[in-house]
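Form predicted on its own, single chain, as C-alpha coordinates, below.
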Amino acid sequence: MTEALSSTPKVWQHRNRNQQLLSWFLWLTGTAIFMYCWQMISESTTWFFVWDAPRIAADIGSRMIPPRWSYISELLEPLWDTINIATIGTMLAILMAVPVAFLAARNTTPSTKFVRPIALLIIVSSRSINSLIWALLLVSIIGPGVVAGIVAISLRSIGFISKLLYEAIEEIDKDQVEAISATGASGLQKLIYGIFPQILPAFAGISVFRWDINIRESTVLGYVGAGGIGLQLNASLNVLAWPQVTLILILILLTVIFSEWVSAKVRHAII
(Lines give C-alpha, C1' and ligand atoms only; values in the text may rest on other atoms or scores of the structure.)
Protein backbone atom coordinates (compact mmCIF):
# COMPACT_ATOMS: atom_id res chain seq x y z
CA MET A 1 0.00 0.00 0.00
CA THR A 2 2.84 2.37 0.92
CA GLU A 3 4.65 1.60 -2.32
CA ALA A 4 1.45 2.32 -4.31
CA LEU A 5 1.06 5.69 -2.63
CA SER A 6 4.70 6.60 -3.16
CA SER A 7 4.49 5.74 -6.84
CA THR A 8 1.46 8.03 -7.38
CA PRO A 9 2.55 11.09 -9.38
CA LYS A 10 2.30 14.48 -7.62
CA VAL A 11 -0.51 16.75 -8.72
CA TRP A 12 0.87 19.92 -10.36
CA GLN A 13 0.29 23.12 -8.38
CA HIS A 14 0.69 26.69 -9.59
CA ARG A 15 2.36 27.64 -6.29
CA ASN A 16 3.79 25.66 -3.43
CA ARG A 17 2.66 26.23 0.16
CA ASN A 18 5.11 29.05 0.95
CA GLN A 19 4.33 30.87 -2.26
CA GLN A 20 0.59 30.58 -1.61
CA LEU A 21 0.95 31.95 1.91
CA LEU A 22 3.04 34.83 0.60
CA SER A 23 0.39 35.56 -2.04
CA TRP A 24 -2.36 35.63 0.59
CA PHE A 25 -0.26 37.87 2.83
CA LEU A 26 0.32 40.35 0.00
CA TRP A 27 -3.39 40.40 -0.87
CA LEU A 28 -4.34 40.99 2.79
CA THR A 29 -1.73 43.73 3.11
CA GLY A 30 -2.96 45.43 -0.06
CA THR A 31 -6.58 45.20 1.13
CA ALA A 32 -5.65 46.69 4.50
CA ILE A 33 -3.80 49.59 2.85
CA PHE A 34 -6.74 50.21 0.52
CA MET A 35 -9.24 50.25 3.40
CA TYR A 36 -7.02 52.61 5.40
CA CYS A 37 -6.69 55.01 2.47
CA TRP A 38 -10.42 54.81 1.76
CA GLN A 39 -11.17 55.64 5.41
CA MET A 40 -8.91 58.70 5.24
CA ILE A 41 -10.59 59.87 2.02
CA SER A 42 -14.06 59.29 3.48
CA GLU A 43 -13.30 61.33 6.58
CA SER A 44 -12.19 64.32 4.49
CA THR A 45 -15.05 64.11 1.97
CA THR A 46 -18.38 65.91 2.29
CA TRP A 47 -20.60 63.17 0.90
CA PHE A 48 -23.63 65.45 0.66
CA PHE A 49 -21.96 67.31 -2.21
CA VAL A 50 -20.98 64.03 -3.86
CA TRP A 51 -24.55 62.69 -3.86
CA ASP A 52 -25.82 66.09 -5.00
CA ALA A 53 -23.30 66.29 -7.88
CA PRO A 54 -25.58 64.75 -10.57
CA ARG A 55 -28.25 67.39 -9.92
CA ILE A 56 -25.67 70.20 -10.01
CA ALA A 57 -24.13 68.81 -13.22
CA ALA A 58 -27.56 68.63 -14.86
CA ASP A 59 -28.33 72.21 -13.80
CA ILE A 60 -25.03 73.56 -15.15
CA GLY A 61 -25.46 71.54 -18.34
CA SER A 62 -28.87 73.11 -18.95
CA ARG A 63 -27.33 76.59 -18.48
CA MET A 64 -24.53 75.84 -20.98
CA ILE A 65 -26.93 75.25 -23.87
CA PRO A 66 -27.14 76.96 -26.30
CA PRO A 67 -23.63 78.42 -26.70
CA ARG A 68 -23.27 82.17 -27.00
CA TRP A 69 -22.15 82.31 -30.64
CA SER A 70 -21.92 86.12 -30.62
CA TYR A 71 -18.99 85.84 -28.19
CA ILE A 72 -16.78 84.20 -30.83
CA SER A 73 -15.47 87.55 -32.08
CA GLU A 74 -13.74 88.05 -28.72
CA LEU A 75 -12.13 84.59 -28.80
CA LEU A 76 -10.35 84.65 -32.15
CA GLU A 77 -7.35 86.65 -30.94
CA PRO A 78 -6.89 84.60 -27.71
CA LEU A 79 -7.20 81.41 -29.78
CA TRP A 80 -4.51 82.69 -32.15
CA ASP A 81 -2.34 83.50 -29.12
CA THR A 82 -2.80 79.94 -27.89
CA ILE A 83 -1.64 78.50 -31.22
CA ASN A 84 1.34 80.89 -31.24
CA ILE A 85 2.29 79.92 -27.69
CA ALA A 86 2.36 76.25 -28.67
CA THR A 87 4.14 76.77 -31.99
CA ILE A 88 6.81 79.27 -30.94
CA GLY A 89 7.35 77.46 -27.64
CA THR A 90 7.91 74.18 -29.51
CA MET A 91 10.37 75.82 -31.91
CA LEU A 92 12.39 77.32 -29.04
CA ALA A 93 12.36 73.95 -27.27
CA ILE A 94 13.71 72.22 -30.38
CA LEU A 95 16.59 74.69 -30.62
CA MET A 96 17.54 74.01 -26.99
CA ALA A 97 16.73 70.29 -26.94
CA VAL A 98 18.85 69.16 -29.90
CA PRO A 99 22.24 70.07 -28.32
CA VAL A 100 21.11 68.57 -25.02
CA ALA A 101 20.15 65.33 -26.77
CA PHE A 102 23.56 65.00 -28.45
CA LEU A 103 25.27 65.68 -25.12
CA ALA A 104 23.12 63.03 -23.41
CA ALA A 105 23.58 60.26 -26.01
CA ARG A 106 26.38 57.85 -25.13
CA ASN A 107 27.74 57.68 -28.67
CA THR A 108 27.92 61.47 -29.21
CA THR A 109 28.61 63.00 -25.80
CA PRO A 110 32.10 64.44 -25.22
CA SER A 111 32.22 62.89 -21.74
CA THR A 112 30.08 60.15 -20.20
CA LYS A 113 31.30 61.03 -16.68
CA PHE A 114 30.76 64.79 -16.62
CA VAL A 115 28.85 66.16 -19.61
CA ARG A 116 26.27 63.37 -19.95
CA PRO A 117 25.06 63.55 -16.30
CA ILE A 118 24.56 67.31 -16.65
CA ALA A 119 22.54 66.80 -19.83
CA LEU A 120 20.45 64.10 -18.17
CA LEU A 121 19.86 66.41 -15.20
CA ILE A 122 18.52 69.08 -17.57
CA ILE A 123 16.20 66.53 -19.17
CA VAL A 124 14.87 65.27 -15.82
CA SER A 125 14.44 68.80 -14.45
CA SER A 126 12.43 69.86 -17.49
CA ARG A 127 10.19 66.80 -17.46
CA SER A 128 9.55 66.84 -13.71
CA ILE A 129 8.00 70.34 -13.62
CA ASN A 130 4.58 70.80 -15.17
CA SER A 131 3.99 73.61 -17.66
CA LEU A 132 1.51 75.27 -15.27
CA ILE A 133 4.19 75.48 -12.59
CA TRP A 134 6.65 76.90 -15.10
CA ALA A 135 3.99 79.44 -16.10
CA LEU A 136 3.37 80.42 -12.47
CA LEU A 137 7.08 81.05 -11.94
CA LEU A 138 7.52 82.93 -15.21
CA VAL A 139 4.45 85.12 -14.69
CA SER A 140 6.05 86.22 -11.42
CA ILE A 141 9.40 86.87 -13.14
CA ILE A 142 8.47 88.11 -16.62
CA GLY A 143 4.95 89.29 -15.94
CA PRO A 144 1.60 88.09 -17.31
CA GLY A 145 1.20 87.64 -21.03
CA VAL A 146 2.00 85.47 -24.01
CA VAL A 147 5.78 85.61 -23.50
CA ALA A 148 5.51 83.82 -20.17
CA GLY A 149 3.40 81.11 -21.82
CA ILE A 150 5.88 80.65 -24.67
CA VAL A 151 8.84 80.27 -22.32
CA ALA A 152 6.86 77.91 -20.05
CA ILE A 153 5.95 75.66 -22.97
CA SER A 154 9.53 75.64 -24.26
CA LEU A 155 11.06 74.80 -20.87
CA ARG A 156 8.58 72.00 -20.37
CA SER A 157 9.20 70.57 -23.86
CA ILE A 158 13.02 70.42 -23.65
CA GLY A 159 13.05 67.25 -21.57
CA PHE A 160 10.46 65.46 -23.70
CA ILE A 161 12.19 66.17 -27.01
CA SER A 162 15.71 65.58 -25.67
CA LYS A 163 14.88 62.23 -24.08
CA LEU A 164 13.25 60.73 -27.16
CA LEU A 165 15.86 62.22 -29.47
CA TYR A 166 18.91 61.00 -27.54
CA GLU A 167 17.40 57.51 -27.43
CA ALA A 168 17.06 57.68 -31.23
CA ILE A 169 20.69 58.82 -31.52
CA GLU A 170 21.89 55.88 -29.44
CA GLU A 171 20.03 53.44 -31.73
CA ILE A 172 21.61 54.59 -35.01
CA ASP A 173 23.55 52.22 -37.26
CA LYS A 174 27.20 52.64 -36.26
CA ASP A 175 28.44 51.07 -39.49
CA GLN A 176 27.32 54.08 -41.50
CA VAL A 177 29.19 56.45 -39.18
CA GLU A 178 32.31 54.27 -39.32
CA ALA A 179 32.15 54.18 -43.14
CA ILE A 180 32.05 57.99 -43.27
CA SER A 181 34.88 58.20 -40.71
CA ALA A 182 37.01 55.92 -42.90
CA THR A 183 36.92 58.53 -45.65
CA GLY A 184 38.63 61.03 -43.35
CA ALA A 185 35.48 63.04 -42.63
CA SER A 186 35.54 65.61 -39.84
CA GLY A 187 33.31 65.45 -36.80
CA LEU A 188 30.83 67.91 -38.33
CA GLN A 189 30.69 65.90 -41.55
CA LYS A 190 30.04 62.69 -39.62
CA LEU A 191 27.22 64.47 -37.83
CA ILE A 192 25.67 65.86 -41.03
CA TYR A 193 26.07 62.80 -43.28
CA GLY A 194 26.22 59.91 -40.82
CA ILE A 195 23.98 60.68 -37.85
CA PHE A 196 21.46 63.31 -38.80
CA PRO A 197 19.96 61.46 -41.83
CA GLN A 198 19.29 58.44 -39.60
CA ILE A 199 17.49 60.40 -36.88
CA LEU A 200 15.63 62.82 -39.18
CA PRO A 201 12.34 60.81 -39.30
CA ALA A 202 12.37 60.37 -35.51
CA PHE A 203 13.26 64.04 -35.01
CA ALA A 204 10.40 65.27 -37.19
CA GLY A 205 7.91 62.89 -35.60
CA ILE A 206 8.95 63.88 -32.08
CA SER A 207 8.74 67.60 -32.89
CA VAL A 208 5.25 67.36 -34.40
CA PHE A 209 4.03 65.11 -31.59
CA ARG A 210 5.29 67.60 -28.99
CA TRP A 211 3.63 70.48 -30.84
CA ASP A 212 0.38 68.51 -30.71
CA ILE A 213 0.75 68.10 -26.94
CA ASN A 214 1.63 71.77 -26.48
CA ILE A 215 -1.59 72.83 -28.22
CA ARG A 216 -3.49 71.12 -25.42
CA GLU A 217 -1.27 72.43 -22.64
CA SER A 218 -1.32 76.02 -23.88
CA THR A 219 -5.12 76.17 -23.63
CA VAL A 220 -4.97 76.19 -19.82
CA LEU A 221 -1.98 78.46 -19.25
CA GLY A 222 -4.29 81.47 -19.17
CA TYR A 223 -5.52 80.30 -15.77
CA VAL A 224 -2.28 81.59 -14.27
CA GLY A 225 -2.00 84.67 -16.48
CA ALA A 226 0.17 83.27 -19.27
CA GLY A 227 -2.15 84.37 -22.07
CA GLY A 228 -4.19 82.44 -24.57
CA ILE A 229 -7.78 81.27 -24.60
CA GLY A 230 -7.45 79.89 -21.08
CA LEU A 231 -7.61 83.47 -19.80
CA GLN A 232 -11.05 83.89 -21.39
CA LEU A 233 -12.16 80.52 -20.02
CA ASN A 234 -11.13 81.50 -16.51
CA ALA A 235 -12.91 84.85 -16.78
CA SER A 236 -16.11 83.21 -18.03
CA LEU A 237 -16.06 80.64 -15.23
CA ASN A 238 -15.56 83.35 -12.62
CA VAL A 239 -18.73 85.18 -13.71
CA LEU A 240 -20.67 81.92 -14.31
CA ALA A 241 -21.15 82.74 -18.00
CA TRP A 242 -21.90 79.13 -18.94
CA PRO A 243 -22.92 79.75 -22.60
CA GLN A 244 -19.52 81.41 -23.13
CA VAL A 245 -17.79 78.47 -21.45
CA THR A 246 -19.53 76.10 -23.89
CA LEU A 247 -18.32 78.11 -26.88
CA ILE A 248 -14.75 78.20 -25.53
CA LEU A 249 -14.76 74.43 -24.97
CA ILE A 250 -16.03 73.88 -28.52
CA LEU A 251 -13.22 76.05 -29.93
CA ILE A 252 -10.63 74.22 -27.82
CA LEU A 253 -11.99 70.88 -29.04
CA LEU A 254 -11.85 71.97 -32.68
CA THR A 255 -8.31 73.28 -32.23
CA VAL A 256 -7.15 70.00 -30.70
CA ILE A 257 -8.81 68.01 -33.50
CA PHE A 258 -7.07 70.22 -36.07
CA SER A 259 -3.69 69.72 -34.37
CA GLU A 260 -4.27 65.97 -34.28
CA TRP A 261 -5.04 66.00 -38.01
CA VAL A 262 -1.93 68.04 -38.83
CA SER A 263 0.23 65.85 -36.60
CA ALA A 264 -1.08 62.65 -38.20
CA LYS A 265 -0.57 63.97 -41.73
CA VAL A 266 2.99 65.10 -41.04
CA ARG A 267 3.98 61.85 -39.31
CA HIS A 268 2.42 59.81 -42.13
CA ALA A 269 4.30 61.86 -44.74
CA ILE A 270 7.61 61.35 -42.91
CA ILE A 271 7.26 57.71 -41.92
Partner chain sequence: MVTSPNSVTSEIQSTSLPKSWAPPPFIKNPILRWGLMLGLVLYLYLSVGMLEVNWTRIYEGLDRGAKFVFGFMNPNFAGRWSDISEGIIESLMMTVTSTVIGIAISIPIGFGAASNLAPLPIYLFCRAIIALSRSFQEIIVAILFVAIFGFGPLAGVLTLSFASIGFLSKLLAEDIESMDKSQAEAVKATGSPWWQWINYGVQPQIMPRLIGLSLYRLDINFRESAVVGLVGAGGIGATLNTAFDRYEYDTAAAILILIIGIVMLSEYISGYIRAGVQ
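Take the two forms, find the largest set of C-alpha atoms that superpose within 1.5 Å, and that set is the rigid core. Values in this document were obtained by computation on a predicted structure and should not be read as measured data. Numbering follows the first chain given and starts at 1.
Quick note: we don't show the form predicted together with the partner chain, though the next part is all about it.
- Using a 4.5 angstroms threshold between heavy atoms, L75 stays clear of the partner chain in the predicted bound form.
- The shortest heavy atom separation between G143 and the partner chain in the predicted bound form is within 4.5 Å.
- By the criterion of a heavy atom within 4.5 Å, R68 is excluded from the residues contacting the partner chain in the predicted bound form.
- In the predicted bound form, none of the heavy atoms of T109 sits within 4.5 Å of a heavy atom of the partner chain.
- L132 is the sole member of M96, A119, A168, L132 with a non-hydrogen atom lying within 4.5 angstroms of the partner chain in the predicted bound form.
- The candidate spot formed by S44, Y193 and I252 is fully in contact with the partner chain in the predicted bound form: every one of the three has a heavy atom within 4.5 Å.
- In the predicted bound form, the partner chain lies within 4.5 angstroms of at least one heavy atom of each of the following residues of 212 to 245: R216, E217, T219, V220, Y223, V224, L233, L237, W242, in sequence order.
- Core-superposed comparison between the shown form and the other one: the C-alpha position of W38 differs by no less than 2 Å.
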